[in-house]
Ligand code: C5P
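Shown below, as structure tokens, is a lone chain in the form predicted alone; questions about how it binds or moves come after it.
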């Protein structure tokens, strides 16, 4: 059965530059798609059928709704509009990326649906056409179509590929909390914009600053996130909130230190999920 893999992403730099007249925020992002991490990769399968349907399973699929509000079906409907005809298929989504973690799972699934439907029905849509379909689905969807490391501007939907910037040894930790992205952006009204400035030019191959301007707002919305941040600091890591939360990333000087931190956290907080990247 035709299938695509839908990986997670890591925002390594996220600057909130201000609120726009349309209510959204101007952002500057440097994001890396986390290819090759099986436990943080969803899988979407499809086969032709008489009607369009979506079934959701997998370790993190509980509670997700397979109706027209799902980004996979929204993406598929946009493909149908572009094709000018129905594209009936039985879709099966195996979820491994946790929901509401700031890792872009839903957006990655939507990008996967665009690629898979284009291939399954031989629509012949080019990358530029798919990117135009992706933009209204959400700010993160275009970056998953391109992959690699990207600069994102506007709401994040304007993406530009960057030369590869190696990742340091990183530990991702998800405490099982769910943080709603809209509530975090609304909280910026109360906590303010910590660093309203764009990223300065960086030398080639140098990692971007480890920065997320949504951190204060996310902690205001969900104070228990601070426990994860502090636990990562205690292991010698440098923590960074993933998107609007609730997952945290921490970078370490060596892979040995990262792996030791993972073992420590699994012993102290067995209910948390941890992935080495």
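Numbering follows the first chain given and starts at 1. Bear in mind the structure is a predicted one, so any value in this text is a computation, not a measurement.
Heads up, the form predicted together with the ligand isn't pictured, but that's what we're talking about next.
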* Heavy atom of each of 148, 163 and 207 within 4.5 Å of the ligand in the predicted bound form -> no
* To do: Counting only non-hydrogen atoms, choose the one of 112-120, 174-182, 76-84, 97-105 that falls within 4.5 Å of the ligand in the predicted bound form.
  => 174-182
* To do: Note which of 228, 27, 56, 40 lies within 4.5 Å of the ligand in the predicted bound form, where distance is taken over heavy atoms; exactly one does.
  => 27
* Asked: Can residue 138 be called a contact residue for the ligand in the predicted bound form at 4.5 Å between heavy atoms?
  -> yes
* To do: Give a yes/no on whether residue 132 approaches the ligand to within 4.5 Å in the predicted bound form, heavy atoms considered.
  => no
* Any non-hydrogen atom of residue 92 within 4.5 angstroms of the ligand in the predicted bound form -> no
* To do: Verify the contact flag for residue 155: yes if a non-hydrogen atom of it lies within 4.5 Å of a non-hydrogen atom of the ligand in the predicted bound form, no if not.
  => yes
